[in-house]
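This document opens with one chain alone, in structure tokens, the form predicted alone.
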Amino acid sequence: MAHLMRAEIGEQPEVLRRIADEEQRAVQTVAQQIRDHAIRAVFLAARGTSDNAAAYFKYLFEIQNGIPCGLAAPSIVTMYRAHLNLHGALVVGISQSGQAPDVVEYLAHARANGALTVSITNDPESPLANASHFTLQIRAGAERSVAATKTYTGALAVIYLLSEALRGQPDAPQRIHHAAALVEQVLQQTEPRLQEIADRYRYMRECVALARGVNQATAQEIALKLIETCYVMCKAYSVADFMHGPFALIEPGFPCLLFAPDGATFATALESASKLRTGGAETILFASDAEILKLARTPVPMPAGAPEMLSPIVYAVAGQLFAYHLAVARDLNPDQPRGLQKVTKTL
């Protein structure tokens, strides 16, 4: 049976290249507005998968641009009816559909209360786009699978371009093209391994997803994918947090997904992989480094050469494929998760 989720996973290199080629002018305009408004803080309003893209935004902007970012709580506006003074702030709403009512209302409130507002959405005619000063498009085309794939990595690409534009880095589109080529390697070289291992975990009922730094967004997003497509109870942790109280979960055979790309957080991931092995964890480890892969019960070799700040795009695709093949191994339809619909509207 052909699944929409797998088809849309396969479209991601094309989507990334389209964003790199077509969205740079809009990104440059927003970057200039951020400079002109002397923005000193960013608030991010999102739900679900978009919330995980917001986590990537937070890490990236704080690391690369030194601008503090926080995740907004829309209920402060939608339910508690508080009035926020947002002069001097950038408020970014992220929603693939652009129809999340609480995100739309939060952005409208922010715009009315002094903020510069930007929407990141796949629908430039959506209520969210209409509520904001500026819109950045994900340009993923129609996404029909309930589980978001191409709109998630597309949002990451837009966020990366914006961060790089604010830093005055004109070659960012070329780096997105490089990320697209790495995603193609995942589809061609890593997917057979993920399909091979899926049957081993078809009876898995619970697990954790671990990462650190910019790939905390990856751990969160893949945990969500496993929950919604495979009905596996998966909790995402930073490895720094997990090594405190949650490490008590570890016993022989307990499944742990660990995302460990090269970069600033690799040493921490390596130490964590060693502790997980000692504790008997069933570690499914996504990495390109041969040393850390030896510590895994189930190594998943990843393409080398992914810049750390772009690695969440590449590693998210591998995680999506794991969730997809695990759902198929469990005789589930990943396109139609029970109780879910494509657009969820919360107030």
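Because the structure is a prediction, the values reported are computed rather than measured. All residue numbers refer to positions in the sequence shown, first residue = 1.
The protein also exists as the form predicted in complex with another copy of the chain; that form is not presented, and the subsequent description refers to it.
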item	value
Partner contact for G168 in the model of the complex: another copy of the chain, 4.5 angstroms, heavy atom	no
Any non-hydrogen atom of G280 within 4.5 angstroms of another copy of the chain in the model of the complex	no
Another copy of the chain contact in the model of the complex: R212, any heavy atom under 4.5 Å	yes
Proximity of C69 to another copy of the chain in the model of the complex, heavy atoms at 4.5 Å	yes
Heavy atom of each of Q33, D36 and V92 within 4.5 Å of another copy of the chain in the model of the complex	no
Partner-facing stretch of 248 to 256, 123 to 131, 157 to 165, 188 to 196, counted where any non-hydrogen atom is within 4.5 angstroms of another copy of the chain in the model of the complex	248 to 256
Single option in A181, I76, L270, A112 placed near another copy of the chain in the model of the complex, where near means a heavy atom within 4.5 Å	I76
Those residues of 178 to 213 which, in the model of the complex, come within 4.5 Å of another copy of the chain by heavy atom	R205, E206, C207, V208, R212, G213
